[in-house]
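Just one chain is shown here, as structure tokens, and it is the form predicted on its own.
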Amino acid sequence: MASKLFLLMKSPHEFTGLGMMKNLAGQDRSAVILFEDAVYYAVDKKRGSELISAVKDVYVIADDLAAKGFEGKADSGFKVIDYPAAVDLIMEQFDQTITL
């Protein structure tokens, strides 16, 4: 079974492709890493729960959370990671990477 890692940079107000993400993930192992404005998902309960239902694991970049003033405020369903962990996920742990 292939595994898919999505990279998301747009805020919940700009990105409207959660259904597409869920369809692309299918039954495969799937996850998303939130960068830049996408970190707003981690602090928006409604949009965050929608994202968590689309993929199996959700990671958020700690530096980007801090840059937006949300350090330590990510909801519990989000795994806060640093850039080396993101590189490991992209290069070693998933078969496909899809940037949205």
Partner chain sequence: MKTLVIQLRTGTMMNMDSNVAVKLAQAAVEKGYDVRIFGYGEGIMLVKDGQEPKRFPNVGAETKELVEKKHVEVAVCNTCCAARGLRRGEEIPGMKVGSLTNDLSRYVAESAKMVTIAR
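Residue numbers count along the first chain shown, from 1. Source: prediction; values computed, not measured.
Unshown form predicted in complex with its partner chain; subsequent notes refer to it.
- With the partner removed from view, the residue among Glu36, Asp75, Glu50, Asp57 that has a non-hydrogen atom within 4.5 Å of its partner chain in the predicted complex turns out to be Glu36.
- Residue contact check for Lys10: one or more of its heavy atoms lie within 4.5 Å of its partner chain in the predicted complex.
- For Asp44, no non-hydrogen atom is located within 4.5 Å of its partner chain in the predicted complex, even though that partner is not displayed.
- If you take 86-100 and check each residue for a heavy atom within 4.5 Å of its partner chain in the predicted complex, you get Ala86, Val87, Asp88, Ile90, Met91, Glu92, Phe94, Asp95, Thr97, Thr99, in sequence order.
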